[in-house]
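For this one, two forms of the same chain are given in C-alpha cells, first as structure 1 and then as structure 2.
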Structure 1
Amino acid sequence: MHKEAFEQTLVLIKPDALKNSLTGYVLSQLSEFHTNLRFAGTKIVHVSRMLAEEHYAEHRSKVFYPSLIDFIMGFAHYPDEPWKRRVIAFVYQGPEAVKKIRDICGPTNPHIAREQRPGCIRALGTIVPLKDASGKVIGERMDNLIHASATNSDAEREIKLWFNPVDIPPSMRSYPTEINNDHFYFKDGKLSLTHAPDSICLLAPGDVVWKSDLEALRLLYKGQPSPCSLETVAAKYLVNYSQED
C-alpha cells in the first residue's frame, strides 16, 4: 500500500459540539462517503489538566490560554456536571487526510468560517469574549466545535498524545511501536523504575508503546536531554486514569 494511504490526522469533537448535540452532524460531515477516509481509532476521553496543557502547549503564553484549558476540559460548558465533561477523539487515515479534514472543518474562526465557507462545521461555532476581574475585554476564545491537525507533524504529535498504540489496529498504525520490557512509575512529576506508595504505573513489561515514547523515557530516567517532557509521555498513558479534574 502506498505511503499516502497511511496518512493520518487527529480529530476532536469538542465540548461545545457535545453541549449543542452536534455530534451526529459532525460525524456525518466526516463520514467515509464525504472524505474517502477510514476510521483508524476512536475513544471518549475525560480530559485531564495534564492532557489539556500538553495538547495546547504552544499557547501557554497567550492571554486566552487559561480559558482554552477550561474549555477543552469541559468546565466552560459543564461547570456543575463533571460526568458530562468529555471529548470524542478520532484518528482518520487515508490519502491527504490532514487537508481533507481541515477543508471540511473550515476556518478556525467561526465568524470567518461563516463568511468564507458557509455550511462548514466551524460555521456553527461562536466567539466568546474574555474579560478580566474589572470586566474589561482582554481577548477572545473561539468555540469552534472541532479540532483537526494542521500538519502531518502536528498529526503525529497529537495522535501519539491522545492514543496509545493498542487503541489503533496493528495494520493501521502509522508510527513505529515497541514492546516495553521495564516498569516505569510516575509520581509528583518524577520517573522511577520501582514502585513507591501512591506512584502510578505508566508502563509495564509487555506493553505495546510508541517507540518514541520509550526512547524518551529511557533518556529522562538517565537525566539526559529528551525530545519531549515526562509530562508529555505521562499525559497520554494516563488518559481516563482519573476523574479528579
Structure 2
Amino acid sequence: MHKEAFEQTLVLIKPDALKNSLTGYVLSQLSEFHTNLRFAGTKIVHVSRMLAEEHYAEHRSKVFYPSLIDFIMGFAHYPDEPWKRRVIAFVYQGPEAVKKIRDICGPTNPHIAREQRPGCIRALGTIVPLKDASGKVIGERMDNLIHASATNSDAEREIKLWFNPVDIPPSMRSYPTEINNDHFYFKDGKLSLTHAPDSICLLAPGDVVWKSDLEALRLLYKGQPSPCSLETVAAKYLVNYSQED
C-alpha cells in the first residue's frame, strides 16, 4: 500500500460537543463512507493541565490561552462535575486525512464558519463572551466542537502526544517504534532511572514506545538538548493516571 494511504490526523471531540450531544453527528460527518478515512485509534481522556498545555503550546503567549486551557480541560462545561470532564481522541487514517478533516471542520471561529461554510461542523459552535467579576466583557471563548491537526507535522506531534503505539494496531502505525529496555521514572518534573517514593513509572522494559520518545528521554536523562521537553513525553504516559490537574 502507498504511504499516502497511511496519512494520519488527530481529532478531538471537545467538551462542548460532548455536552451538547453532538458526538454522533460529528462522527457521522467523518465516517469512512464520507471521507474514505478509517479509525486507527481512539480513547477517552480526562485532560490534565500538562496535556492541555503541551497540546496548545503554540498559543501559550496569547490572551485567550487561559480560557482555551480551561475549555479543553472541561472546566468551562463541567465546572461542578469533574467526572464528566473529558474529550474523545481519535486517530484517523487514509489519503489526505489532514486536509479532508480540516475541510469538514471548517473555520476556527464558529461565526465565520456559519457565514462562509454553512454545513461544516464548526458552524454548530458558539462564541462565549468572557466577563470579569463586575460583568464587564473582557474577551471571548471559541467553543468550536472539534480539533483536527492542521499539518502532517502537527499530526505527528499531536498523535505522539495523545497516543501510545499500543493504542494503535501494529499494521496501522505510521511512525517508527522501538522496544524500551530501561525503567524511566518521573517525579516533580524530573526524570530518573531508579524508583523513588511517589515517582511514576513512565516506561518499563519491554514497553513498545515511539522511537522519538525514547531518543528524547535518553537525551533528557543525560541533560543534553532534546527535540522535545520531558513534559511532552510524560504527558501521554500520565493520561488518565489520576483525577488531579
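Given the structure is predicted, the values throughout are model-derived calculations rather than measurements. So that the term is clear: the rigid core is the largest set of C-alpha atoms that superpose within 1.5 Å between two forms. Numbering runs along the sequence of structure 1, starting at 1.
- Each structure shows the same chain on its own, and structure 2 is the form predicted together with ligand GTP.
- Once the core is aligned between structure 1 and structure 2, the alpha carbon position of G139 differs by 3.0 Å; this is the C-alpha shift at that site.
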